[in-house]
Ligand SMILES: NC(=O)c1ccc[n+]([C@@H]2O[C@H](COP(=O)([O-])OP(=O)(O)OC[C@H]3O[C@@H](n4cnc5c(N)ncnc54)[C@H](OP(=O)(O)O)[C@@H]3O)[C@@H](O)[C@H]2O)c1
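Read the single chain below, which is given as structure tokens and is the form predicted on its own.
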């Protein structure tokens, strides 16, 4: 372990932490439900490298900074981080272990982990190994840098855990989810550039959830294709109360070698659904799980959430569904994040999700463009508070 030398004064550290927080917040929709975290390696008072957590399941900010430093990591004696380093195994190994292995002698942290299961543990482990630990709590407030993470770790969410759910859909300029007759083969609204973005997003979730209506109407594969990470194989989950999924559906076909990847196809239905259909779907390669019935005579969405979390180990979900199922998810409060692609298509058919979206309290909104399409992203704020935006 290298003995720390000079350190920046508190004002300079606060300024650095603010910069790192803003850089990290730019990745908020890519990392959620994980926190936006930024880190910098210092040799004395000189910053030699920076890093941010860029996507869910990817390297944390501390690791990104160390990789960016290259050989200069051997001269670094201080690591500045906006949030306490993780001390437990998740999608990646504990960052505490990487910090210890790097031989860094001092760690400056802008906020403690809000999760009561881990709060303070990372700093305690570093101190036990002889590192100097400086906590400047309040300098990088999570309410500004990563408010979504505060919702993810609040008492209600920990008491009744459910997957972080991203609702994604494409719409025409008038808000319809189905293009006019003769446009996009009756299916496609968004551009090729948007489809590539979705391919990347699919490779960064644990499961893709859709409804049987979408399966019957569009016959999707819901697989990961390049430029998405085809090493990842998210589960493909169909909510199909009455087992209307055709055994010939493309989602049940084997994936095509290295050109695509897809996890198991799981159908969630109500108990007592047609036994013949059940067996036909099993023979076609699906897994069929029976759940409770909701008041609308379909599968209970709360039971769906519980099953995804407890039985399937799902933590991050991409909801790719039609307006009926998407509206149910929104109205029941089970959507945490939205991504809406508006294509350069006029008119359209079917209902719009605009009224339901307007009823939501949205936070940290981002408007951007990809190719010819407009993209709107936001967190659904369960408290109804419009939080500070980062652009």
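These figures come from a predicted structure and were not determined experimentally. Positions refer to the first chain, counted from 1.
Keep in mind the form predicted in complex with the named molecule is missing from the figure; the text below concerns it.
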ask   = Among 145, 170, 86, 205, which has at least one heavy atom within 4.5 Å of the named molecule in the predicted bound form?
value = 170
message = Going by heavy atom distances of 4.5 angstroms or less, which of 221, 232, 91, 242 would be at the interface with the named molecule in the predicted bound form?
response = 242
message = Does any part of residue 322 reach within 4.5 Å of the named molecule in the predicted bound form? Heavy atoms only, please.
response = yes
key: the named molecule contact at residue 139 in the predicted bound form, heavy atom, 4.5 Å   = no
key: residue 28 within 4.5 Å of the named molecule in the predicted bound form, heavy atoms   = no
message = With the partner left out here, check for me: in the predicted bound form, does some heavy atom of residue 122 sit within 4.5 Å of the named molecule?
response = no
query = Among 62-70, 29-37, 324-332, 358-366, which stretch has residues with heavy atoms no more than 4.5 Å from the named molecule in the predicted bound form?
reply = 324-332
Check all three, 213, 217 and 298, heavy atom within 4.5 Å of the named molecule in the predicted bound form = yes
